[in-house]
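The chain below stands alone, shown as structure tokens; this is the form predicted on its own.
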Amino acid sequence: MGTITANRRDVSAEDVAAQVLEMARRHGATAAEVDTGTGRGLAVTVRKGEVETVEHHRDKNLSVTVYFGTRCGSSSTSDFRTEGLEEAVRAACTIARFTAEDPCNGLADPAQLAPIVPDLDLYHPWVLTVDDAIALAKRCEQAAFAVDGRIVNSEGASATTHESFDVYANSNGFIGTVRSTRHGLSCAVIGEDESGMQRDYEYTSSRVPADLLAPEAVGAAAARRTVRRLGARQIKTCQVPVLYEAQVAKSLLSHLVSAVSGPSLYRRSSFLLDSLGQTLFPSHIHIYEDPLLKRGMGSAAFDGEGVATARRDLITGGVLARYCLDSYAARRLNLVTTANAGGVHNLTIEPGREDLDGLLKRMGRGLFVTELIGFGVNGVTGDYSRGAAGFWVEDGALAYPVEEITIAGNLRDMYKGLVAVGCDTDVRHNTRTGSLLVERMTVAGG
């Protein structure tokens, strides 16, 4: 049970949530919901063997939303004293009284709330002292410098740990708690030769400290990624297959989620309007949410409204099976919430059988993208144009590094042309995908 300090005594976070709901009732609200969280962590950064930053952080926040019929108001605070909570509730109620009625406002349907909250094994604290964190970061950076003499500088190596305790409660009687941890090691270095300088990075992230890669492995990988970019050049404009490395491929799925999410749909600002039941991808593509995955980075037994989550298909057989909706959006669209208040949970594209080398061989000739720069995506039309860096591929192998290029297309065409998904699934994020091979895009160079 999480505890916070209020009025000079320890009070559970659940008690604070209940207290705020009672305050809202006393102020005349017909319904209310509260979301509160506390967290603490440590982050240490070392650069060129010297400690650059040591950060201890503790945070707490609470947001309350009240309803007066179909009028709604929200407020937030980090002051958990009784008077601070009262002020936040009073402010939310004042806002609600002056807002227009909206028949789509309101709490989630009580029948859809999570009846139980299973343990998803998300809490694995790391007793990491400052000295230990410094030592790990130094080992990480030292390993990078040891790989190649062309590694001449560092942007730093970091060791981080964070744990949080979150509570969501509403006046329909739901209360759900989540205790979780997240840990990581990272390293970014700079390489130089006669062609100039390049940088790259590597990191490891997990709920469980023991599941992190060794610091030496992270540092060495950062160095290798940096060195292989030395001698980068531009290429002439062409139309070729494009292979997205797993760690950048997740952005293609984020554009999909944005296009099929409630706000984009009811505002009619999505290139996938009225696409439910339509074929968007080749038939071999299967995309789904897996929210109850043990230790997953995006695991959650309930969404931001307390609605029970479950494994659900988003794309099946290439066809859009559903939208991503919270209760408000669902009412606007005359549909039912899909437990996506706050976003998706462990969005996963089913991997294929080929690893990265296999995908390179299948592509034969084209562009392998390892970095995306800027944000040039039009959510209304689906037009896609982003700066990129990576490698030119010939005969199924990396030929030379490339930079200062732009890759362009339309997301509808890119999705339909998704030839293959690699088995090199990156599980360090809420979006889980392997490398993605797109049949054809325009690559603009010099």
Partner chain sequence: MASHDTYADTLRHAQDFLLTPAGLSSGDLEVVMSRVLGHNIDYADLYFQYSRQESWSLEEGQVKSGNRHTEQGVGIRAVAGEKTGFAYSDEIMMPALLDAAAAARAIARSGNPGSQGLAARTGGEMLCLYAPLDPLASLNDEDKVALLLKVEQEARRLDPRVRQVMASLGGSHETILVMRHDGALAADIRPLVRLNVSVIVEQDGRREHGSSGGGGRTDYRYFLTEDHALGYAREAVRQALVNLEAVAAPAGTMPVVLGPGWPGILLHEAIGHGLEGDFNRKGTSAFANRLGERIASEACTVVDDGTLPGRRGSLNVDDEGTPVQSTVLIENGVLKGYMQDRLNARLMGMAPTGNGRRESYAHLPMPRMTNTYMLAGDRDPEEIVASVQKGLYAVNFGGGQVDITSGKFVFSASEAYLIENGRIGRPVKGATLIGNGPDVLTRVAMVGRDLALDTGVGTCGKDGQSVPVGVGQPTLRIDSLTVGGTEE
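Everything numeric here is computed off the predicted structure, so don't read it as measured data. Numbering follows the first chain given and starts at 1.
The same protein also has a form predicted in complex with its partner chain, omitted here; what follows describes it.
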Residues in which of 88-96, 282-290, 301-309, 107-115 have heavy atoms within 4.5 Å of its partner chain in the predicted bound form?
88-96
Has each of T53, Y328 and G376 got a heavy atom lying within 4.5 angstroms of its partner chain in the predicted bound form?
yes
So, A214 and its partner chain: in the predicted bound form, are they within 4.5 Å at any heavy atom pair?
no
My question is simply whether G73 lines the interface with its partner chain in the predicted bound form - judged by any non-hydrogen atom within 4.5 Å.
yes
Is there a heavy atom of V127 no more than 4.5 Å from a heavy atom of its partner chain in the predicted bound form?
no
Does its partner chain get within 4.5 angstroms of any non-hydrogen atom of K416 in the predicted bound form?
no
Using a 4.5 Å heavy atom cut-off, which residue among T337, T77, T348, S186 comes into contact with its partner chain in the predicted bound form?
T77
If you apply a 4.5 angstroms heavy atom cut-off, which residues in 369-392 are near its partner chain in the predicted bound form?
E371, I373, G374, F375, G376, N378, V380, T381, D383, S385, R386, G387, A388
